[in-house]
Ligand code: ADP
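Just one chain follows, in the form predicted on its own, and it is written as structure tokens.
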């Protein structure tokens, strides 16, 4: 058994803005089931509370730039995992996790430095782990502080660090004054450590100082070593390729299984697919699509409206899609341009397009179940979860062959296109539509996808082997 301390900026179900929270909500418990000891450290944001919280430590000393910050530690225990919440209201009791009014908090570097320093203080004064497992730029300072501030601390000697990259596109870049504000030696502000085009790059520091690096799919681990996907850090990642591993994210089938999903009007399984038609009818009626939509494939999208997700391709083929025998329902929010695009498509052709701008967990489940085809034309996708949900729900996905999409979808379970071009996307969608009309062949494709196993227990076993390797066991 290894003692692991995971540190992350968001953890489901306590707080969630993206896929990182889903990983942190499932992986720790899967590791405990595999025999590891896991503690998770995260901020106590506004609204993060539950009846089972208890105060573990009052006034844990956290020092930054000679100032002693008041930090309390709250805790709860679930599924064998101990969750520790860094209660520092000045930094975390705000109306947004990373942003307010669409703008990043200007002191985000300080906020997450406090999280890293609090985790190190917990390790020094309460319970020391054998491995610190940190996630993305928000916690990338922990291995930097560990090496530069606490290298000789007997309570931390021998502790290893692992950094998981969930999305290399977000690196935590701040102006050069951040070095002083973070209490870091100016000697680290050069291109060999934390300097990046004149800025301080927190992720870069973590990539250099961590003992091991992982990312969330094998294909993405290869892609980030190239200029196309490396966001300027591909050279560093190539240098560290000997200590970089891609481990595919898992999914929690307790929440995502059409046989037991409480949000569906009818449940179904590979043995009895009839409930899927009821889910499709329910979705069509909810969105006000015409009854004849039952006789053509219904395509679903659930996504953040972000640059990486391929909506520029959809914009370019929308007119051609409207002429195809299909309907499209979309759930998501984000970039205002894409929000307005889907609103426009719905007002232009309400017989073909429908949208929900925003997010609803219930509607996400309903779209996975009620759609015939799921669409993910991403420019890049470190792992992706919705294509894995789609397989389980018998909703063959059309994906661009990148990152985790390429790792999880094959020609037997879905449809892939390779070139990031609108013509390639349109060809892939048209091929899927054509195959849908072969009802017997389509049901066989559905069942093959539903039989796939991408559970967290499988992924946890790969992390467990890496932990043992790091500790020389």
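Note that the coordinates shown come from a computational prediction; the quantities given were computed from them, not determined experimentally. Positions refer to the first chain, counted from 1.
Keep in mind that the form predicted in complex with the ligand is not shown, yet the notes after this line are about it.
This chain is displayed without the ligand, yet in the predicted bound form the stretch 386-394 from 198-206, 386-394, 111-119, 280-288 comes within 4.5 Å of it by heavy atoms. With the partner omitted from this view, the residue of 359, 189, 253, 231 that lies near the ligand in the predicted bound form is 359 [heavy atom within 4.5 Å].
Here is the short version: of 241, 335, 316, 308, the single residue with a heavy atom within 4.5 Å of the ligand in the predicted bound form is 308. Residue contact with the ligand in the predicted bound form: residue 458 places no heavy atom within 4.5 Å of it. Among residues of the shown chain, residue 296 is not one whose heavy atoms approach the ligand to within 4.5 Å in the predicted bound form. Not displayed here, the ligand is kept clear of residue 173 by more than 4.5 Å at the level of heavy atoms in the predicted bound form. Using a 4.5 angstroms threshold between heavy atoms, residue 217 stays clear of the ligand in the predicted bound form. In sequence order, 302, 303, 304, 308, 309 are the residues of 300-320 having a heavy atom within 4.5 Å of the ligand in the predicted bound form; the partner itself is omitted from this view.
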